[in-house]
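Presented below, as C-alpha cells, is a lone chain in the form predicted on its own.
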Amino acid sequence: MKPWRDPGLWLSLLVTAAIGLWPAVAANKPYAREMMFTVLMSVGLASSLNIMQGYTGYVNFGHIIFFGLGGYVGFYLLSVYHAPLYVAALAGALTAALVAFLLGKAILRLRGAYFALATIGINEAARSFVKNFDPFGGPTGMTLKFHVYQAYGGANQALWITYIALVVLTLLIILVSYLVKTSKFGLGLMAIRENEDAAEVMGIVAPDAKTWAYVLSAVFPGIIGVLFFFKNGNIEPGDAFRLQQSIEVIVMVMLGGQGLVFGPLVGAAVYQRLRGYLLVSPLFKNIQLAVAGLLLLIIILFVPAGLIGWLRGRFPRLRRWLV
C-alpha cells in the first residue's frame, strides 16, 4: 500500500498534529505550550527509540546519550559562536549520528543483556566525560545569555519558534518510523528481531543493518536535545544524561506497543499523563522511578504487546488504523 493511502499513517500524523495544535486553542497558551512540549518531546524520543528497540528487539538503556551529546554540541555553538538554531540542531544531529555509528560498530555485535548493560555503561561514561570537559562548562554546565534570544524576537517568541520546530520534527519522526517499518530495510530489521541467526542465513548483514538503525534512531534525539536546552537556557550533565529518562522512554515504547508506529505515540502520551499525576501526588512523588519500574514489569507480564498491540489483537478490524 502506498504510504499516503494508509489510514494508519494518517491517524498517527493527525493525532500528533492535534497534540501540537492544542496550545493554539487553549485558554492558557503558555501553560498548554509547555505541557505539550513535554508530551511531544516524549513522543519523539519514544518513536525514535522504537526504530531500534521495536524493529530490532535490542533494548537500549543509553538512548538518552544522543539527547545529551546533541544538546551539548548545539548549546555550545549557540552560546559561544551565536550560531542560528537550525545550524545548532544540524550539528546536534550529526554529532549523535557519528557517535551512534562508532558505538554501533563496537557494541552491536553484543546481544540481549550484554548489549543492554553496555548501553548503561556508555551513558555513565558520557556523563563523566562531559562533567570533566571544561569547554562544556564542566560539572556546572553552560547558560545562554539573554541577548541570544533577541535574534528570535525575544524570549517569548523564541519559545514559540522552538515549539513549532518540535511539532514539525515529531511529525517527521512519525513519518520516518512508518517508512522504515514498511520498507525492505525495516523487514530486515524485524527479521533480526525474530531470529537474528536465521536472518543472516537469508542474506541480511545483521551488524550493518543494526548499525544503520542505531544511527537513524540517534539523529532525532540529537535535535530534540538542542531544542530542549535552547528553550531552557541552560544545560548540565545531570539533566543531559539522566538514566531515569532512558528507562522512562523504554516504558513509553512498551506501554504503547513496541514495533508499531502508533504505539510509542500513545505510550508517551499516557505515561506523561500518569507522570504528571505522580509529580503532584504526596504519596508517589518521591518514588516515581519505582512506579515506572513496576509499570514496566506489569506490561511485560500481562500486556507484552502494549496497549495498541492488545487492541490490534482484540479487535482485528482496527489493525489497518493502528499500524
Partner chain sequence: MSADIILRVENVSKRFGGLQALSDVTFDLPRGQILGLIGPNGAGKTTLFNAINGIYPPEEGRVLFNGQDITGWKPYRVAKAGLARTHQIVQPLNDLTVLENVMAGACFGHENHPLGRAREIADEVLEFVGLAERRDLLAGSLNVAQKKRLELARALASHPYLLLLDEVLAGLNPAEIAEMVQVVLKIRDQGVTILIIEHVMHALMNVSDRVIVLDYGKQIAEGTPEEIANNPRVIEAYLGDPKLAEKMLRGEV
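Positions refer to the first chain, counted from 1. All figures in this text were calculated on a predicted structure; none of them were measured in a lab.
From this point on, the text means the form predicted together with the partner chain, which you will not see here.
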### Message
If the cut-off is 4.5 angstroms on heavy atoms, which of these, 247, 206, 99, 158, is the one near the partner chain in the predicted bound form?
### Response
206
### Answer option from 140, 150, 195, 234, heavy atom within 4.5 Å of the partner chain in the predicted bound form
195
### Query
Taking heavy atoms only, is residue 200 within 4.5 angstroms of the partner chain in the predicted bound form?
yes
### Query
If you check in the predicted bound form, is residue 216 within 4.5 Å of the partner chain, heavy atoms only?
no
### Task
Although the partner chain is absent from this view, report whether residue 190 comes within 4.5 Å of it in the predicted bound form, heavy atoms only.
yes
### Query
Out of the stretches listed (219 to 227, 206 to 214, 80 to 88, 162 to 170), which one is close to the partner chain in the predicted bound form, meaning heavy atoms within 4.5 Å?
206 to 214
